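Heads up, the chain below is alone and in the form predicted alone; it's given as structure tokens.
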């Protein structure tokens, strides 16, 4: 893969937190293609030999490291960086965890849980979750962004107007992503790579997996972009659509409450149908199920659906 890239930035060139004072590890002209080696969201703290006890001892100061930053010549506030996402080189290892205090149903799932994944990094066939589930894979980078104009260090965890921890499942190969520039050079970084994730990442983690990605960084002058936007090259759910979906709903005047209810009902249904523990169903939903707003105009109640792909269980 590196032959397609003019430069490689290794995983040891990473930082935790956005800070426009971090010196760039590379300066490039617009149109340059770079291979980024990305660490997993734990920063290497969770490995193939980890146990659930390791979830409770995570150092959150090392969470969500990103590789970079890269200075793009000519990038100025008001411009946009165009990122063309190329090929991913997955590692074959991943993890999904329920981290206490984190996730949509954190109040219901208060104990740590951990699932370790092994998948074929070349064939990229569906990854086995248990005897009753196999998850189709679709690699992408969960965190991809530029530095903020505000000085000082800013957490990587929340998404921002310049990108960051977007966790958008569809930012995968072939996508063109546009990010607004707030500081000279843009200072681009990427990390938090996933082998698969559902829309919503409801337990707070996906199939967190170290991997490399090739990106081309270009520049759109005077774009005046207010927030990230992106273009997909084609359908985005083909890997999940084959056998339809089971769907649960939440209905009410509050979208967050409705989302929680839709997810909780799916967790209950999957646990009853498959015999897996509720926390296992919760984590499985996070890596392949999609939250969707079905209706947001018929006040006072809105409808949120949770779509679970039947192909995972059949």
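For clarity, every value in this text was computed on a predicted model and none was experimentally measured. Numbering follows the first chain given and starts at 1.
The form predicted in complex with another copy of the chain is left out here; the points below concern that form.
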- Query: Does at least one non-hydrogen atom of residue 241 fall within 4.5 angstroms of another copy of the chain in the predicted complex?
  - Reply: yes
- Would you please decide whether residue 13 lies within 4.5 angstroms of another copy of the chain in the predicted complex, comparing each non-hydrogen atom pair? no
- Does the 4.5 Å heavy atom contact test between residue 226 and another copy of the chain in the predicted complex come out positive? yes
- Exercise: residue 197 in contact with another copy of the chain in the predicted complex, heavy atom 4.5 Å: yes
- Query: Just one of 74, 151, 125, 235 has a heavy atom within 4.5 angstroms of another copy of the chain in the predicted complex, so which one?
  - Reply: 235
- Scan 204, 185, 139, 210 and let me know which has any heavy atom within 4.5 Å of another copy of the chain in the predicted complex. 204
- Three-residue site 63, 173 and 216 fully in contact with another copy of the chain in the predicted complex at 4.5 Å by heavy atom: no
- Task: Have a look at 125-133, 159-167, 87-95, 107-115 and name the one stretch with heavy atoms inside 4.5 Å of another copy of the chain in the predicted complex.
- Result: 159-167
- Residues of stretch 102-136 in contact with another copy of the chain in the predicted complex (4.5 Å, non-hydrogen atom): 102, 103, 104
